[in-house]
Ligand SMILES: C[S@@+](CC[C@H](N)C(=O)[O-])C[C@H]1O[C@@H](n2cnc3c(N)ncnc32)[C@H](O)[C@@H]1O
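In the block that follows, a single chain appears as structure tokens, in the form predicted alone.
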């Protein structure tokens, strides 16, 4: 299944709506980064999108480099260095206090791509630094069902369709609504990873699963081996 999106405005190759993501608030991510990054430290944000989290990190005094493969997304990022390119092949020849990989990118169904994503994290984190990874833990996958969702300000986010098409592989479609008549959809595939599988992939790229940073286990801290 290829990731696809529908709705008004530009849609990126992974199905993300630039206009929709511009409506979202930063959420808890800045607080999580602050827990693992020294004050004023450097942060490499992989898959930064429109700067939803980037701008909040800058306000807190962090030095941020924002990376994304979408020029339309990066055009909305302000006040930081931006890098247009794929996370998997990124080579900046410098290292950061914290590398953040959000949006459950590690749940890709392509095992090689997952290793490449984690390899990029390992290449860019300082010794003693932190890799902050958002993932979909196995128990969260098990709770997926049509109709589940949440509100983010005046935006509604609802799972419109979900199917386990093979053991551990899910196809899902999210519906995003704003106001009375603005709707986007994003369809994607996701792999149900166990803790051991995630830890093994981290180890293969020279990283160690250090701890879960949140009670729901959706944020993982990894360190260099």
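Note that the structure is a prediction, hence the values are computed from the model and not measured. Numbering follows the first chain given and starts at 1.
Missing here is the form predicted in complex with the named molecule; even so, the following discussion is about that form.
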Answer with open or blocked: the shown chain lacks the ligand, so superimpose the named molecule from its arrangement in the model of the complex and check for 3 or more ligand atoms within 2.4 Å of backbone or C-beta atoms.
open
Based on heavy atom distances of at most 4.5 Å to the named molecule in the model of the complex, which listed stretch, 121-129, 140-148, 91-99, 78-86, is the contact stretch?
78-86
4.5 Å heavy atom contact, residue 133 to the named molecule in the model of the complex
no
Any non-hydrogen atom of residue 210 within 4.5 angstroms of the named molecule in the model of the complex
no
So in the model of the complex, is the named molecule close enough to residue 64 to count as touching (4.5 Å, heavy atoms)?
no
Do residue 105 and the named molecule come within 4.5 Å of each other in the model of the complex, heavy atoms counted?
yes
Candidate from 173, 37, 190, 70 lying within 4.5 Å of the named molecule in the model of the complex - any heavy atom:
70
Exactly one of 30, 177, 47, 41 comes within 4.5 Å of the named molecule in the model of the complex through a heavy atom, and that residue is 47
Going by heavy atoms, what in 12-35 lies within 4.5 angstroms of the named molecule in the model of the complex?
12, 14, 16, 21
